[in-house]
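Have a look below at one chain only, the form predicted on its own, in structure tokens format.
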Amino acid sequence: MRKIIKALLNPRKAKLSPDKQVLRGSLDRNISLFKKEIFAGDDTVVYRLFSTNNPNSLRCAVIFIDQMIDRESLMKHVIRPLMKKSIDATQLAGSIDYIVDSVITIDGANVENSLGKIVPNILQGESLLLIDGYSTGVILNTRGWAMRAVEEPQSESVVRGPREGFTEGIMLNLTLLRRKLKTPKLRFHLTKLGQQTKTTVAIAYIDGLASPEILKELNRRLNNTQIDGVLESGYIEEMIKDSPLSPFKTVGHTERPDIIAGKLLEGRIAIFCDGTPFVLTVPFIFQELFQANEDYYKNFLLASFDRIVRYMAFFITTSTPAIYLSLITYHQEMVPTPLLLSISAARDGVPFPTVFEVIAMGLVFEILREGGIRLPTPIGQALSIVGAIVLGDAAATAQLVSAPMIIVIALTAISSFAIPQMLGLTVIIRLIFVIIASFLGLYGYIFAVIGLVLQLTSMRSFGIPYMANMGSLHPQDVKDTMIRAPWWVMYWRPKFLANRNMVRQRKEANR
């Protein structure tokens, strides 16, 4: 009891956190601070000790994390010049600025004293130069870890268009965008997200096109994001999106620099996240789900036809099972007699109701698709193709499901591939339509469609109506919706985005 009272009356001084500590004037004390406190038990941290040339040698040390730096650059531009140079204490005059200005030749060296600024830089791949007798260090730009090369994104391949895609390195991604937009009005604002990961996040926009109100709202939502780690842009997307309970996307994402450049030219804002090739864009509206970058690279008539096909595919993949179920179960009088007799003959002997067939076959297809994605590519493709053929034929032969149902599910599945951005979304919509149609028939299906339209029209993305331009009758508003008008008549940018500068091209320029 006495020991406890004594401890309470004479408490030990609590250790300061690394953010509040500073470097000491002793090299041994500084190295001990890093080894025993900051990076205690971390064997990946390297401590390279060396001395400058005689007769006035100075003890030095470089601290860095293995495999995160360019060792050749560190040796060539920092360690070798120091070891060959004889530095007199009078040259330093109480400061190590002389070493930064006249000895080391590396591009990027900053003198720093606070560990709160030094430690994050070491964790990001930079090195720290310490000199005995001085309470400041030099942060060296020696980043050089391995990185994936620029290549075409597999999820967004095109027949015509650029073949380059973003990588996991944020600075390389910003460079790829800068190559597309060679304008001094392109702005990048860097910040950190994640209390543990300290992930670098960049906001990109074109000054004069992006809305200041949307930019301010985006910064507010990012600043309110308090989370331990941000490992991928999906974390950010879920934290900043509007209508968080809705399955519809209100934040876009892509791996292609040309798509980001095109969206920035319309007045949107891009969000880059270090460690992922997927870049977010805001605002994001419904019509973007049916757009592809290749639409703008080929003839406008072909591009318009492709877009109409995508809208038709959306209707087929979401509505075909519900309409088939309604007609077969409740509205047989609407089906031509020969077709109805054929379907009835095919269903003869099937023990399950139509609604069970629809849900079961849809679930089997989704299992095959998910399994094909998660397995290695050669095995996954074989599983998807062989599994669908074998299971479909076996189910029809065993009269577990009818042949028309297999045709309906196959048509539904194939149509979903025309709109890859909505693969998961169409499954949810299809299931809701089927369940409601199983109780109310076509009336239920129509009610479900009305509910879907009301949901879409009530949504917003950073203050922009989600169905913007979809119901407009103004010619300029519909030139890039279900159809893609030729470039020489698209004079204006979308007015709901770039209202500060709507002129895309002068009318007189193409007359």
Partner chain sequence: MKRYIGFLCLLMVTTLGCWNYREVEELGIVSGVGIDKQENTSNYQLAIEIVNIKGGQDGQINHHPVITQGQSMFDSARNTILRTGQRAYWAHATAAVISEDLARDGILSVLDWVSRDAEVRSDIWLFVSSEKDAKSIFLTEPDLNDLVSFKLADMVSAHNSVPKFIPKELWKFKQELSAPGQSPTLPTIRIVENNGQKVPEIWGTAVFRKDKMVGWLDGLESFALSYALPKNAFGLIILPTTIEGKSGVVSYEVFGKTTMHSATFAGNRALMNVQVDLQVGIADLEGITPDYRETTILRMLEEDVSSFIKQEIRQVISRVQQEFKSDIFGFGGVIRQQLPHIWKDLESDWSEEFTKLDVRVAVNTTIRASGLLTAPIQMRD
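Numbering follows the first chain given and starts at 1. None of the values given here were measured: they were computed from a predicted structure.
Omitted here: the form predicted together with the partner chain. The next part is about that form.
- The partner chain in the predicted complex comes within 4.5 Å of a heavy atom belonging to F439.
- Heavy atoms of Q226 never reach within 4.5 Å of the partner chain in the predicted complex, leaving it off the interface.
- When contacts are judged by a 4.5 Å heavy atom cut-off, S26 does not count as touching the partner chain in the predicted complex.
- By the criterion of a heavy atom within 4.5 Å, E72 is excluded from the residues contacting the partner chain in the predicted complex.
- None of 209-217, 130-138, 228-236, 348-356 except one has non-hydrogen atoms within 4.5 angstroms of the partner chain in the predicted complex; the exception is 348-356.
- Just one of I308, L400, V335, V103 comes within 4.5 Å of the partner chain in the predicted complex, counting any heavy atom, and that one is V335.
- Note on the partner interface in the predicted complex: the residue among Y330, F315, Y98, Y296 having a heavy atom within 4.5 angstroms of the partner chain is Y330.
- Annotation for 225-255: the only interface residue with the partner chain in the predicted complex is L245 [heavy atom within 4.5 Å].
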